[in-house]
Ligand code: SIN
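Read the single chain below, which is given as structure tokens and is the form predicted alone.
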Amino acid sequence: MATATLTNAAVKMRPMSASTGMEILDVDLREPLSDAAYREIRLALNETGVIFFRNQKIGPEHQLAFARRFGTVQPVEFLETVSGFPEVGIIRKDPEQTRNVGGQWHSDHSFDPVPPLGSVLYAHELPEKGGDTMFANMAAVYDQLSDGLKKTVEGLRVVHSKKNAAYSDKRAERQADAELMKRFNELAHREHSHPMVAHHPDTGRKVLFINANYTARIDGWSEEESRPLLDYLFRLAYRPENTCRFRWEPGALAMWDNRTANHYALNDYHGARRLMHRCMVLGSPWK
């Protein structure tokens, strides 16, 4: 049976799963979005956490123009940048490398005082197989909590820490990567406390704002006390029925809302090259 297609006034869309992800059809990102198309695409992003486009033939200038439709593009941190485009970072894994970028469930820069509105990732080179990305809609996950658990978590805050990524990373390569640990320790000041249940700045919808990579502990609790509740919430969030899986191909572009969506770049393509370009749009404070 064919996947249902949603036909709106300006664009056609295809849901990726029950709650997470929407594929936008028949849109050429070399051309500016009309106001009507932008409104519908923005609504899909707000509702499902991530939107996808395929068969694009764009350069960094088009990627930036698309991202700027949603707000101000912020400077790149932690990544090499595309020549002549300091706002476009390079995410690359070469055949000899075993560690990838984003290989844990996370939300980009959740350790900042104001999380980014969104990340825009465009595929240039991909392995023949593997290298997919998983997404989870954390607003939909909040909706699944019992009334009692909702009351418990709504009064809590959580500390998001860049340094925590060094300890949440269970990959074997991390154990021996002394330089990586040194770098994370130098970034120990990059942490911030956010509400565990945040109100989305655009919609007011309640979002469970946690992720396995950067959420270090519940504010005011020890890490040991925090772990049982956080681990339960992560198990719930990342169940297959709460996620969608995007298979990349050259010319594909994804944009996800970092306030709503967690994502996880699968690292199952050792010996192959994967090259992506990413930019991020500045967010606004929680409501």
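The model shown is predicted, which means the values in this text are computed figures rather than measured ones. Numbering starts at 1 and runs along the sequence shown.
Not pictured, yet referred to below: the form predicted in complex with the named molecule.
Q | Contact residue in the predicted bound form, chosen from 207, 121, 88, 158 - any heavy atom within 4.5 Å of the named molecule | A | The option sitting close enough to the partner is 121.
Q) Exactly one of 248, 53, 234, 70 has a non-hydrogen atom within 4.5 Å of the named molecule in the predicted bound form; which residue is it? A) It is 248.
(Q) Given that the named molecule is not shown alongside this chain, does residue 116 nevertheless sit within 4.5 Å of it in the predicted bound form, heavy atom to heavy atom? (A) Looking in the predicted bound form, residue contacts with the named molecule do not include residue 116, since no heavy atom lies within 4.5 Å.
(Q) Taking the named molecule as it sits in the predicted bound form, is residue 108 near enough to touch it, meaning that at least one heavy atom pair lies within 4.5 angstroms? (A) Residue 108: yes, in contact with the named molecule in the predicted bound form.
Q: Look up in the predicted bound form whether residue 256 has a non-hydrogen atom within 4.5 angstroms of the named molecule, and give yes or no.
A: Answer yes; at least one heavy atom of residue 256 falls within 4.5 Å of the named molecule in the predicted bound form.
Q. Do residue 101 and the named molecule come within 4.5 Å of each other in the predicted bound form, heavy atoms counted?
A. Answer yes; at least one heavy atom of residue 101 falls within 4.5 Å of the named molecule in the predicted bound form.
Q: Determine which one of 222 to 230, 57 to 65, 23 to 31, 248 to 256 lies within 4.5 Å of the named molecule in the predicted bound form, judging by heavy atom distances; exactly one does.
A: Only one stretch passes the 4.5 Å heavy-atom test: 248 to 256.
Q) Any chance 81, 93 and 273 all have a heavy atom within 4.5 Å of the named molecule in the predicted bound form? A) No, the whole trio is out of contact, none within 4.5 Å by any heavy atom.
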